[in-house]
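There is one chain below, alone, in structure tokens, taken in the form predicted on its own.
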Amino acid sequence: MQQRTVLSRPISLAFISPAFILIALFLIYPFFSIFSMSFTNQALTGAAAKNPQYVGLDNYAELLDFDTWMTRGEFGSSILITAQFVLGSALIGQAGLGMSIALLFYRRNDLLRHLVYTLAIIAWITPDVVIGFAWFAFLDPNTGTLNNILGLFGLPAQDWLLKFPMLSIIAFNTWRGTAFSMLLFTSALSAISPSYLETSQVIGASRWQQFRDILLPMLHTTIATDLILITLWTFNTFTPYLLTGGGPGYQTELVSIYTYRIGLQNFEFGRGSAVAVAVMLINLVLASVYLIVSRARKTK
């Protein structure tokens, strides 16, 4: 029999210490630094830049001021806009489209399947800046590809980013991130035995009945995992800033863009830190839901 070599505790600690140092340096320290800064009026300019004062919960009180909560450009409005964005591009767009593509090409191995999957993955792995400028050119009101296509059918050109800013960034983010849901559902479908569908076909079940009574029950944990993960990613995405900058008139100012504007454009570091802490708490809730779902999935 081969003997197992067990490393001593000092050697084990020596192996994990580099990872712990990096985690402490880039995660733990920034978290506590931002948390402590959120109780000050720290700024880049003015008197608060040199001598920041402790203001207690004033930043959080201003953030949660319900008199101005839903005013455009305030935190509450950004939360609502982000919720609409997540619902449209993540829950309906990416999850729905990803599942539809996976079901459409389920048990197929033809050229069209490889082409669609390749294009979706390319859209997913291409750098954000490249994708952002490509879509900006695609939606350009004067020479954009979309308006040129509409012109072929006699339809009028539109200034998409001005008239339909939310719809534009939802379409952009859906196109950008559908590949993840598509691959996740494809993997889950490949694990389902074909005998279930073959048996249902023999007894005369329609495609809708096969999906409703066979595939959907077997995919419910995958659906939950997919929805939670893309919700987290979409909630924190900053890429739409490349298209709209949060405008026009704060109509597309997601929470991530709001945080950037307060902290890095207005240089209100204290207030921006309070926003960041609030966003971290929201992410903590979403991540906790994901962990609970994952644990429930493993116990089945």
Partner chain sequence: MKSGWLARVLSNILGVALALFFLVPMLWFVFAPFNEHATLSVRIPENFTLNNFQVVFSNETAVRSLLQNSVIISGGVMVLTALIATLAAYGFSRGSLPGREIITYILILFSSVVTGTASLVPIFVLIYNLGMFNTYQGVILATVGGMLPTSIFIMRDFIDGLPRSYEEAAMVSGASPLQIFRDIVFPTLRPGVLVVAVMAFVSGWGAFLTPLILIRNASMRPASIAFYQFYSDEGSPNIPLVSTYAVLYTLPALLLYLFINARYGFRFFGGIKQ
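Given the structure is predicted, the values throughout are model-derived calculations rather than measurements. Residue numbers count along the first chain shown, from 1. In this text, the rigid core denotes the largest set of C-alpha atoms whose superposition between the two forms falls within 1.5 Å.
Although it is not shown, the form predicted in complex with the partner chain is what the next lines describe.
*Asks:* With the partner absent here, would Y54, N266 and V289 each sit within 4.5 Å of the partner chain in the predicted complex, counting heavy atoms only?
*Replies:* The answer is no: none of the three residues contacts the partner (heavy atom, 4.5 Å cut-off).
*Asks:* Pick from K163, H220, R72, R207: which has a non-hydrogen atom within 4.5 Å of the partner chain in the predicted complex?
*Replies:* After the contact test, the surviving option is R207.
*Asks:* Going by heavy atom distances of 4.5 angstroms or less, which of A83, L167, L155, V129 would be at the interface with the partner chain in the predicted complex?
*Replies:* Among A83, L167, L155, V129, a heavy atom within 4.5 Å of the partner chain in the predicted complex occurs only for V129.
*Asks:* Taking the shortest heavy atom distance, is R108 within 4.5 Å of the partner chain in the predicted complex?
*Replies:* R108 belongs to the contact set for the partner chain.
*Asks:* Does at least one non-hydrogen atom of M99 fall within 4.5 angstroms of the partner chain in the predicted complex?
*Replies:* Contact check for M99: no, nothing within 4.5 Å of the partner chain in the predicted complex.
*Asks:* Answer for S36 alone: is it within 4.5 Å of the partner chain in the predicted complex, judged on heavy atom distances?
*Replies:* Flag for S36 set to no.
*Asks:* Evaluate L232 for contact with the partner chain in the predicted complex, applying a 4.5 angstroms cut-off between non-hydrogen atoms, and reply yes or no.
*Replies:* Because a heavy atom of L232 falls inside 4.5 Å of the partner chain in the predicted complex, the answer is yes.
*Asks:* Go through 96-129 residue by residue and record those having a heavy atom within 4.5 Å of the partner chain in the predicted complex; state none if no residue qualifies.
*Replies:* Heavy-atom contacts within 4.5 Å come from L97, I101, L104, F105, R108, L112, L115, V116, T118, L119, A120, I121, I122, A123, W124, I125, T126, P127, V129.
*Asks:* Return yes or no for L264: a CA shift of at least 2 Å between this form and the one not shown, with the rigid core superposed?
*Replies:* Moves: no, less than 2 Å.
*Asks:* Rigid core fitted, then: does F238 show a CA shift of 2 angstroms or greater between this form and the one not shown?
*Replies:* Stays below the 2 Å threshold, so no.
*Asks:* L64: after superposing the rigid core, is there a C-alpha shift of 2 Å or more between this form and the one not shown?
*Replies:* Comparing forms between this form and the one not shown, the L64 CA shifts below 2 Å.
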